[in-house]
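Next up: just one chain, as structure tokens, the form predicted on its own.
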Amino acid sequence: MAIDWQPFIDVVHSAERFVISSHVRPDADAIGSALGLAGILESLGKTVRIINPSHTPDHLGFMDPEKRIQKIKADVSIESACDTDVHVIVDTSAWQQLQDVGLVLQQTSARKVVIDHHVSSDDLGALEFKDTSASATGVLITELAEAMNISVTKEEADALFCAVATDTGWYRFSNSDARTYRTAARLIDAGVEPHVLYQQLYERSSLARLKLQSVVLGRVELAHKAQLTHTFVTRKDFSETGAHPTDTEGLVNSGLAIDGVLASFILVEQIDGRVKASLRSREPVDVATIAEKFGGGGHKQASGAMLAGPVNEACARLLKEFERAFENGNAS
């Protein structure tokens, strides 16, 4: 579904100051899309700030070497963030995902814009540019640059390539369509060296991460006729292995490597006692509908939610929803 970018282009030409934000615990698509869009706007002489609800994870810090991404309340006040002409939200359209940035949106008089590819959505009172068929928001930002006849720099191309590559599992997920590869080709033409970015993204592990993986994968259990896998991580696991919460990223996909498995989830205990759930699946299982039952959301095959603890109770609630989904033909 091609987006008509002209209304956004009109907004760009009518404004001078922009704030770009994404979701809490930003991934590479959120960070890369924000950095790519910032570059596009700055090439037109616009003033741009990137203000997120969370700090950039350490393992993705290489994407923002100038450390231009700010955290709301820590680096910039809500009042200051409100002082802009346009506030653009990328890679989400859910209030729950915005946390304190949501307070900015509620108070600002700025024009609001959403650029997103997720199925789950709230009404943010914004002009929406949304395409759920796009494999990553980075694809949309790359297409925006093309629609505006703007050539991205190598730095911007690197950020956008990371956005697309990670949201497609380095192009191995089912959302990696011809459009995705055309986007990758454009970015490579702009100077991206995929082998360098792969090393930055996937070959900078730590011993602590490997120890955590050993613990978590050792807990994997099968459920619902061996079509579902699940595991969990506690705060004690982090302290005992020396690992960081970001070291759990990607572990949920390991469950899908088991032959016959159609869905997988991992639970990560948070400091405040809540439990972060990451859900993945293969067709025809729709994990977005399950995540939405707990106030979360995302894509049909990749979603997340935050549940009340403790971990064992959160697991029981999720297993019940998965069982209901399987029995209702979600995985027929």
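Just so it is clear, the model here is predicted, and its values are computed rather than measured. Residue numbers run from 1 along the displayed sequence.
The same protein also exists as the form predicted together with ligand 5GP; that form is not shown, yet it is the one meant from here on.
Of the candidate stretches 63 to 71, 50 to 58, 294 to 302, 31 to 39, only 294 to 302 has residues whose heavy atoms lie within 4.5 Å of ligand 5GP in the predicted bound form.
When contacts are judged by a 4.5 Å heavy atom cut-off, T183 does not count as touching ligand 5GP in the predicted bound form. Under a 4.5 angstroms non-hydrogen atom cutoff, ligand 5GP in the predicted bound form lacks T142 among its neighbouring residues.
Heavy atoms of Q96 reach within 4.5 Å of ligand 5GP in the predicted bound form, making it an interface residue. Taking the partner from the other structure, ligand 5GP in the predicted bound form has a heavy atom within 4.5 Å of a heavy atom of H118. Residues R209, L210 and R235 are none of them found to lie within 4.5 Å of ligand 5GP in the predicted bound form, as judged by heavy atom distances.
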